[in-house]
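Here we start with a single chain on its own, the form predicted alone, put down as structure tokens.
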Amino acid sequence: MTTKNLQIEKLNGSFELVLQNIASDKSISHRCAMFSLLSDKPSIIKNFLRGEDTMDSLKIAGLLGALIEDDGETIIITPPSKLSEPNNILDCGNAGTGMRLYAGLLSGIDGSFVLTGDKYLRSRPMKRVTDPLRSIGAKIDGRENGNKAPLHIRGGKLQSFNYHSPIDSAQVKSALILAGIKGDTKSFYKEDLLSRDHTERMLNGMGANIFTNENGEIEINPINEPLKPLNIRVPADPSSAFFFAVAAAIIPNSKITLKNLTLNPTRIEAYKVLEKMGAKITYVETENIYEPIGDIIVEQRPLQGVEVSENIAWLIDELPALSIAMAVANGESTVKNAKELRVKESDRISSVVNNLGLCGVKFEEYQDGYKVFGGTTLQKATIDSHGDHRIAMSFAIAGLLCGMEIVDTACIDTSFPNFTELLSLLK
């Protein structure tokens, strides 16, 4: 990944815009590449995200034996009769989703597999996935006793399980579900707060039997035959769209319509927080097949400080962008119970607050969050993204108010290749 910088000019005046070409949903795109391997028929995927991370997941499917046909609009993935042991390492790029979900999928497949990634992914903790997988019979090794990639997986037969996760994480849950469907008998997974549920929705749409029982456990029934193929148009990513929602919320007299997003309740919590802060937000559902899909309209109104301490798993990726809204809102805003931010693409607590400080914002940093003293007139600064796409894009949005230079922005291409193109439409 090359290093490049991004210069943001201050926006003069308001904007009103309908945004059509928002990046396709990254979480769903990753899963399309992987879950197609669980069928015996071709899966048809439209609007697949062509970011580096998701294309890496697609390449891995090919290395495992799938035939990938791509005409630039539609991707057809024809799975092999049996997943093959690759003759090379499997590079997940910058994607924790790719590494953790493939770890779960491959743990139950006969063969030897090595998962690696870029320097940022190789520094992220993996024991949250490798430890529970090992406890059900997976043979996984890696640096720091399996905590850091590269990870070597010797796949094979797995045991069923009853696991209560100490963290609410869609990646951990998905890895265990992918392992559980390979078991002999049903398995049970418990989380304290429902995390993103794309895995359950998509696998059930393919014919799996995964549901939440009366005890609040996710009951995972083994699959004894191939699942139905996917036939899906990937919706736009509400996490990516949220940067532009914040732009509309902080630029006086602005309005934006964000088209064709997933409206999954586990994915729009950040919009609910922005609404609580005072922005006017309207949700318009247009279809509901695999996922509820529709438009979100955001209109600027004066913002007030807010406390964010609940449903953290539903907005963990949007907190950096939300912190920009907190900086300009009247009053104090507090983020609590968000220790998970420490182990994302960067330590996002330190990355957020230290970069806010460079912009003249007062803050307090805690182990599990931070406090932002709002009402600040942001100052132009040179921001270090730390190789984290969400830090880079969040402070690009802040730059609309004051101008900004952001260092190391090649990471944006991993998740939102046309971000700067869409940003230029606001000028």
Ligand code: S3P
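Throughout, we count residues from 1 along the sequence that is shown. Predicted, not measured: the structure shown is a model, and the values here were computed from it.
Keep in mind the form predicted together with shikimate-3-phosphate is missing from the figure; the text below concerns it.
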Testing 297-305, 178-186, 312-320, 79-87 against shikimate-3-phosphate in the predicted bound form with a 4.5 Å heavy atom criterion leaves exactly one stretch, namely 312-320
Within 4.5 Å, heavy atoms only: does S160 come near shikimate-3-phosphate in the predicted bound form? no
In the predicted bound form, does H152 have a heavy atom within 4.5 Å of shikimate-3-phosphate? no
Report whether the minimum heavy atom distance between S43 and shikimate-3-phosphate in the predicted bound form is within 4.5 Å. no
Is there any non-hydrogen atom of L121 lying within 4.5 Å of shikimate-3-phosphate in the predicted bound form? no
Between the options T262, S351, S333, T97, which residue brings a heavy atom to within 4.5 Å of shikimate-3-phosphate in the predicted bound form? T97
Scan T130, Q171, N355, S346 and let me know which has any heavy atom within 4.5 Å of shikimate-3-phosphate in the predicted bound form. Q171
Under the 4.5 Å heavy atom criterion, name the residues of 265-295 that approach shikimate-3-phosphate in the predicted bound form, in sequence order. none
